[in-house]
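Only one chain is included here, represented as structure tokens and corresponding to the form predicted alone.
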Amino acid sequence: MAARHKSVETKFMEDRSHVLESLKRLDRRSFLKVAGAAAGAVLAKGLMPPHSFQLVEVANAAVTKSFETQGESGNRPFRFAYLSDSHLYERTINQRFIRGAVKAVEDINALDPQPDFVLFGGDLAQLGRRAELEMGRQILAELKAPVKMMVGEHDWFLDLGESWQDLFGPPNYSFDWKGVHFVTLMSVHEKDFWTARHMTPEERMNTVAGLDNPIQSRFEVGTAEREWLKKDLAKVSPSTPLVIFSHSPLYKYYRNWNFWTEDADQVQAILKPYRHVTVIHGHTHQMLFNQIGNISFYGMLSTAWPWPYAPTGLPALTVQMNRADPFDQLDGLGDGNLQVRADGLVDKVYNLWDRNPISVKADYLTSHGKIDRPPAPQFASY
């Protein structure tokens, strides 16, 4: 038995070394396929290490001096939770992503006290099918807290948003909560590349899903949405804190993978007059931090799979998450929550499912990394 165990272990290490070396040569399109196959091989051998899941306990956001002088009419600290990028297939195709979304819902339901609301950050579905969106709605309906929805490109481009809007309402909306103005902004429009090519809806969806496909255009908020944003903010005082929910980053990270918003500069100009602005985005499936002028940016985790960091364009303030094990299907996945302070800035907790939570304070971004720097990962990312 001992000899047999040693042989299996040796074979496992050889397979692991081979895949790690192969991953260095992969393009983004091939990454998920190889990593998924590797995870499946290890599971088949019964060698997947156990996980230690840790729920997040978050103290109330700090009450600042400015809040103490404002009284009940001023900003009040609160928190909300987030989920993003579940990429649900129908159950007969892929149940692992469904389990990831269900677990995230259970984790958030276990928080005590409950968050004020839950933001879903887009890409609920993988192929934009009505059945995928309806299944996602059923999963999210189990949340105890109210849910705010944001659309992603995977939810939109099969039928150009018809099912999404029927199930969840308009992709652009705003609301006020405890002294903060929240805006959910449609940011994944693309210029029409499909009509002249006589693409079917499925071909259009598959093209957009392959983010490094040169046929498609880049994401943009678009003229109509930028005008909508201007009108929405016209009634908001420059001193009112803003939190913007956007699926794609409202800056230019890496164009080849469409980690990019073409008209980001124009959107930033609209937000420039406001004292405190925080943008929460999904899409990139990774921890990302950025600060541009008065705007703080946080990238959200996925419940489906992690993406590698892009080879160029990574914001300088980003402390990369530790994703060193392609054999671990949960490595780099998670949910989290955000504490909105009395001054309107946001402290964020990333709850990666197989490690301790990582806290990123607003002061780290607004100081451009001079204070409150998050700890560096113990292992290099890939």
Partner chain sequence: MHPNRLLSILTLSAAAIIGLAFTIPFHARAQQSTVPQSVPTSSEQVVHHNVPASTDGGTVIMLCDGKTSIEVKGLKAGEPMSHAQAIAVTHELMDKWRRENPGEKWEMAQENQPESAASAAANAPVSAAHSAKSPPPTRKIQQGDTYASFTDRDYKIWQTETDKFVAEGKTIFHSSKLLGSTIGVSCDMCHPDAANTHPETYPKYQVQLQRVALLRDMIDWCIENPVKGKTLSPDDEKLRALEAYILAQRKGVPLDYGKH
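These numbers were taken from a predicted model, which means no experiment stands behind them. Residue numbers count along the first chain shown, from 1.
Only in words, not in the display: the form predicted in complex with the partner chain, which the text now covers.
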Heavy atoms within 4.5 Å of the partner chain in the predicted bound form: which stretch among 242 to 250, 198 to 206, 136 to 144, 116 to 124?
198 to 206
Contact label in the predicted bound form: Q339 to the partner chain, heavy atom within 4.5 Å
no
Taking 4.5 angstroms as the cut-off for heavy atoms, does F289 touch the partner chain in the predicted bound form?
no
Is I215 a contact residue for the partner chain in the predicted bound form, using a 4.5 Å heavy atom cut-off?
yes
Would G128 show up as a contact with the partner chain in the predicted bound form if we use heavy atoms at 4.5 Å?
no
Tell me, which of F97, F168, F182, F80 has a heavy atom within 4.5 angstroms of the partner chain in the predicted bound form?
F97
Residue (of W194, Y89, Y173, W260) lying close to the partner chain in the predicted bound form, criterion heavy atoms within 4.5 Å:
Y89
Kindly confirm or deny that E153, L271 and A316 each have some heavy atom within 4.5 angstroms of the partner chain in the predicted bound form.
no
At a 4.5 angstroms cut-off on non-hydrogen atoms, which residues of 294 to 319 are near the partner chain in the predicted bound form? List them in order.
W305, P306, W307, P308, P311, T312
